[in-house]
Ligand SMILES: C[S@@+](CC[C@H](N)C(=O)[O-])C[C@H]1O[C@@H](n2cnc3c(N)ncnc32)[C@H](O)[C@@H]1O
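This document starts with one chain, in the form predicted on its own, laid out as structure tokens.
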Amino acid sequence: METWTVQKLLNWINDYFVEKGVDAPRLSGELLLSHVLGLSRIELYTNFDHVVEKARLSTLHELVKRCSDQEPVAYLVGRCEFYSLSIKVTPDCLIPRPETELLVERAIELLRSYPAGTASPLICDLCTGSGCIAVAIAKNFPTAEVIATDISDGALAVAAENVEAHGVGDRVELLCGDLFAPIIEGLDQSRFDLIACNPPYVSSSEMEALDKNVKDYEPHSALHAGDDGLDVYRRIAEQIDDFLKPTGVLMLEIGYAQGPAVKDLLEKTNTFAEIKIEKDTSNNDRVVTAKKIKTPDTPPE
């Protein structure tokens, strides 16, 4: 019987994934092998000569096969990294993308701009999915109080596990419902210092062109937003003034070329004094920040 060491397996998986056209073949192989062996990726490299037993080889073989069919690695191992946090994911929720970290970064910068000693900021995270945005903000800004909503019970169950795992359950409340609906029904305080959202924003034509690992595995309800991809932005724009404090800020993740259209929607609300579009590291439109007032360091009410 052939002996398979960690090093030999990593090399074989990498070559196999290259042949099958799997994205980031080396990283994907490391993540799968780490998951099967219960080791960190660094520990793989300090255990190159470790011989992997047959039972684990069988488990690994099945995962490698599924990955070669373009099933996302994050779903296969049940988690991914987001803003330096380990986030649980399942097919009930969208896999957090590195691009979304820009929204979290800007949200935390805004919160840190408030003068020391001001009241705890109240934040709303719409379309929370796995809860990655809510958890990352709460974890990195210890006085923040976060209300996170999602229409999917399955996604909220995942978000609840992430909230618990990162010890922010006392400051993150999860509500089930469509956008602002559960806030209207369930909260006395319905106005926020910051509303953040990474909504569905893929157009119908873009849905057809998505890669197999997205189109066939991730929830369409978390991706598709009508013919032009702007349906959810329109609905947020219609209601936003009722939920932001006079000093409030809205931050939205947007598609790669949606900046002008989303800015136009927000301008027509006559709610914001300042609207800014920010591009990501690939020079694509990524985050829209809309402020009710021009002074960025006004403390929360």
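The structure displayed is predicted, hence computed values, not measured ones. The numbering used is simple: start at 1 and walk along the sequence shown.
There is another form of the same protein, the form predicted together with the named molecule; it is not shown, and what comes next is about it.
K.L.:
Contact with the named molecule in the predicted complex for residue 132, defined as at least one heavy atom pair within 4.5 Å: yes or no?
P.N.:
The answer is yes: residue 132 has a heavy atom within 4.5 Å of the named molecule.
K.L.:
Quick check on residue 193: any heavy atom within 4.5 Å of the named molecule in the predicted complex?
P.N.:
Judged by the heavy-atom cut-off of 4.5 Å, residue 193 is well away from the named molecule in the predicted complex.
K.L.:
Does residue 221 make contact with the named molecule in the predicted complex, using a 4.5 Å heavy atom cut-off?
P.N.:
Contact check for residue 221: yes, within 4.5 Å of the named molecule in the predicted complex.
K.L.:
Using the partner position in the predicted complex, report whether residue 226 sits within 4.5 Å of the named molecule, counting heavy atoms only.
P.N.:
Because no heavy atom of residue 226 falls inside 4.5 Å of the named molecule in the predicted complex, the answer is no.
K.L.:
State the residue from 127, 137, 124, 158 whose non-hydrogen atoms include one within 4.5 Å of the named molecule in the predicted complex.
P.N.:
None of the other options qualify; the answer is 127.
K.L.:
Exactly one residue in 165, 151, 119, 210 has a non-hydrogen atom within 4.5 Å of the named molecule in the predicted complex; which is it?
P.N.:
Checked against the cut-off, the match is 151.
K.L.:
From the candidate stretches 170-178, 137-145, 105-113, 71-79, select the single one in contact with the named molecule in the predicted complex, where contact means a heavy atom within 4.5 Å.
P.N.:
Contact-bearing stretch, as computed: 170-178.
K.L.:
Using a 4.5 Å heavy atom cutoff, which residues in 195-228 contact the named molecule in the predicted complex? It's fine if the answer is none.
P.N.:
Contacting residues: 198, 199, 200, 221, 222.
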